[in-house]
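To begin, one chain is listed below as structure tokens, in the form predicted alone.
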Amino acid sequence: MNWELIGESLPKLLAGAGVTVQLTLFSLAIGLLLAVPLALARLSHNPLLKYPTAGFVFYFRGTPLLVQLFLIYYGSGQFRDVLSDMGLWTYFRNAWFCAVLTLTLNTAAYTAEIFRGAIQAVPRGEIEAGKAFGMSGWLLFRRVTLPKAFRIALPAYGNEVVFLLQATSLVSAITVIDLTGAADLIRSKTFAVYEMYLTAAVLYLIMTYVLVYAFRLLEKRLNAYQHRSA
């Protein structure tokens, strides 16, 4: 192992890790905002809401993320004239934007299914108790159904966050210099395969452990009332 090379390369790898964190946070934030409406649309009895949403979820969960990245980044070039007329080509020519867009849509589809299952798993008794207190409609959903569904969904959502963090490694395929991209760039110049990829792996492990630990703390905090009642 060339420890001197690892030390010299660490600033570039950490800069790439910063890009990885940015991609993860942006995609998670926007994806979470999209996921709840998508989950409600999946549960809707209105076919105009239910079936298009089901198709969206089916596509993004059923196709490889790498293919989705290629379709949005490289495929958008086939529609350059249309996108230019709409004033969108400036965005779609940017690899970072296409990476965030693809990751956002992908995680929104997975998170929507997580929340859909969680909403359906909310105990009927708690909903009836909310109705007994005079709550209905949006108030009942906001104060009873959604908080309980979020607690139920949290373990699965934590796994989705970790998956998304690791999935960002694919964006280097569309020229985004994230952690994997930085490691690959240094490797191509130095031929130090083990040094670069093992260091990148260690950095991914650290970020993953931080996320897992954070979700354990959050889950423990949200479910603290169960321990007190026990």
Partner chain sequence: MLDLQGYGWLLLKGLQMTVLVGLCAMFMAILFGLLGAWGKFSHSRLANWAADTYTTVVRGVPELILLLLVYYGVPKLIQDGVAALGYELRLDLNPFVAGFMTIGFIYGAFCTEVLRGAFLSVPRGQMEAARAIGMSKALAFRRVQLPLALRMALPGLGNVWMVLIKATALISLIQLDELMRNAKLAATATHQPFTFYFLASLLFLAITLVSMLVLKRAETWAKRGVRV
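Residue numbers count along the first chain shown, from 1. The model shown is predicted, which means the values in this text are computed figures rather than measured ones.
One more form of this protein, predicted together with its partner chain, exists but is not displayed; see below.
Proximity to its partner chain in the predicted bound form holds for all of 63, 187 and 198, with the criterion being a heavy atom within 4.5 Å. Residue heavy atoms within 4.5 Å of its partner chain in the predicted bound form occur in exactly one stretch of 90 to 98, 77 to 85, 118 to 126, 135 to 143, and that stretch is 77 to 85. Proximity to its partner chain in the predicted bound form, defined as a heavy atom within 4.5 Å, holds among 43, 54, 173, 32 only for 173. With a 4.5 Å cutoff on heavy atoms, residue 180 counts as touching its partner chain in the predicted bound form. Taking the partner from elsewhere, residue 67 is found to have a heavy atom lying within 4.5 Å of its partner chain in the predicted bound form. In the predicted bound form, residue 213 stays away from its partner chain, with no heavy atom inside 4.5 Å. Of the heavy atoms in residue 22, none are within 4.5 Å of its partner chain in the predicted bound form. In the predicted bound form, the residues of 202 to 216 lying within 4.5 Å of its partner chain by at least one heavy atom are, in order, 204, 205, 208, 209.
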